[in-house]
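In structure tokens, one chain follows: the form predicted alone.
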Amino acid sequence: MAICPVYTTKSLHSTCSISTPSKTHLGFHQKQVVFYTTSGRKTSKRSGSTSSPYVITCSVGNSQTVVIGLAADSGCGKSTFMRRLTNVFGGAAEPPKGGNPDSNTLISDTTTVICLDDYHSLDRTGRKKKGVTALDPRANDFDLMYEQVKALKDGIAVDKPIYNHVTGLLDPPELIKPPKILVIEGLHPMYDARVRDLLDFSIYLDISNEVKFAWKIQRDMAERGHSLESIKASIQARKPDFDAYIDPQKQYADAVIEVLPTQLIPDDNEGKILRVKLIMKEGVEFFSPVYLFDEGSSISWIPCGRKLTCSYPGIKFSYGPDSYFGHEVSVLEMDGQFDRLDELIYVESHLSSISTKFYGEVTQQMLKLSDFPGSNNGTGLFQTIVGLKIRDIYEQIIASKTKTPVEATKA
């Protein structure tokens, strides 16, 4: 039961009561709003009674749910990014307590991360029978995805389905309550225009084919017991659908983290050293792109020397304006890897608009999660910075929503 103030044209002292007693066929819990007028009469929005002539506005204050979308192919670092993001807000991200042990959901004090694989409309056997991959839109329920993300954004709990990655089956649903920040991550957060319009900020992880292959082998062989042959076959089978349905989503993203082979070592084939770009769209509400030294300039910087230890092949940063799918963007790039993370503060001190709360916060976050993949290169650095930017976006959105109705009317 939530109580919030109601403002009328004659009084600023009434209240409204909101409860969630019932559930619809779409799997979300329906709200009932009861209004109390200054005369003491009660009206129900559901019954259609109109005993009060007043225009009533109910403000729920800090209950606004901010929705973040993260798109990437399988095995491209979404899970690592999610853990970096939830760490920025504090509190460990864990599966729902007492729920399905194979749940894909992660919940912390501030964030709830939903894996969009849960909206598969076909289980593993069903996809095999129909000859489609999980990337194919026909294997996913976008209507339910939209309805439930919208419900959570509106402050309504939902019974979300679960796709079991172990068994390949669709498990019974789990209750998800509206968090402060909802992150939807997976293959299709920006594919459906209705879902895309619900996003307050969106990120795409763009991993080159060479790097993706190395990462997928490491994850699927080490963690899931897949053979090298099965991984190669899976990548080849998925590529046409990836090119058709997943990759085009990056044009809609507010920020893209692009991971490429290094240019510091000629003809490098090992893929251990990475070149990473942070591509930031200009003109996005509540988001100011990060810049190096001077905003809007074109910069090339090799920080190695007395203040930053660099073994071969060294580190190179670059920054400047560019165009991306017809949008003006700013691009920050790092090629190479850090030898000592504690020296990262030297680089951090030359970056601006990184939305830190205190000097050295980026370095602190990187050191705290130093055992995470990518912590010594641009993937970890840029994931951490984007996490801090999302925190800033959330705070700005909440500040803009908490204006009183009187202030909004005056504006």
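Given the structure is predicted, the values throughout are model-derived calculations rather than measurements. Sequential numbering from 1, following the sequence displayed.
What comes next is about the form predicted in complex with another copy of the chain, which does not appear here.
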(request) May I ask you to state whether K307 is within 4.5 Å of another copy of the chain in the predicted bound form, using heavy atom distances? (result) yes
(request) Spell out, yes or no, whether the shortest heavy atom distance between S330 and another copy of the chain in the predicted bound form is within 4.5 Å. (result) yes
(message) Please tell me whether any heavy atom belonging to D294 falls inside 4.5 Å of a heavy atom of another copy of the chain, as the geometry stands in the predicted bound form.
(response) yes
(message) Taking another copy of the chain as it sits in the predicted bound form, is K368 near enough to touch it, meaning that at least one heavy atom pair lies within 4.5 angstroms?
(response) no
(request) State yes only if every one of P137, D192 and W215 has a non-hydrogen atom within 4.5 Å of another copy of the chain in the predicted bound form; otherwise state no. (result) no
(request) Could you work out which of T167, N209, Q263, S298 is the residue within 4.5 angstroms of another copy of the chain in the predicted bound form, going by heavy atoms? (result) S298
(request) Name the residue from P96, G314, P321, P178 that puts a heavy atom within 4.5 Å of another copy of the chain in the predicted bound form. (result) P321
(message) Using a 4.5 Å heavy atom cut-off, which of 159 to 167, 298 to 306, 118 to 126, 192 to 200 contacts another copy of the chain in the predicted bound form?
(response) 298 to 306
(message) Just to make sure I understand: among 111 to 134, which residues lie within 4.5 Å of another copy of the chain in the predicted bound form, judging by heavy atoms?
(response) none
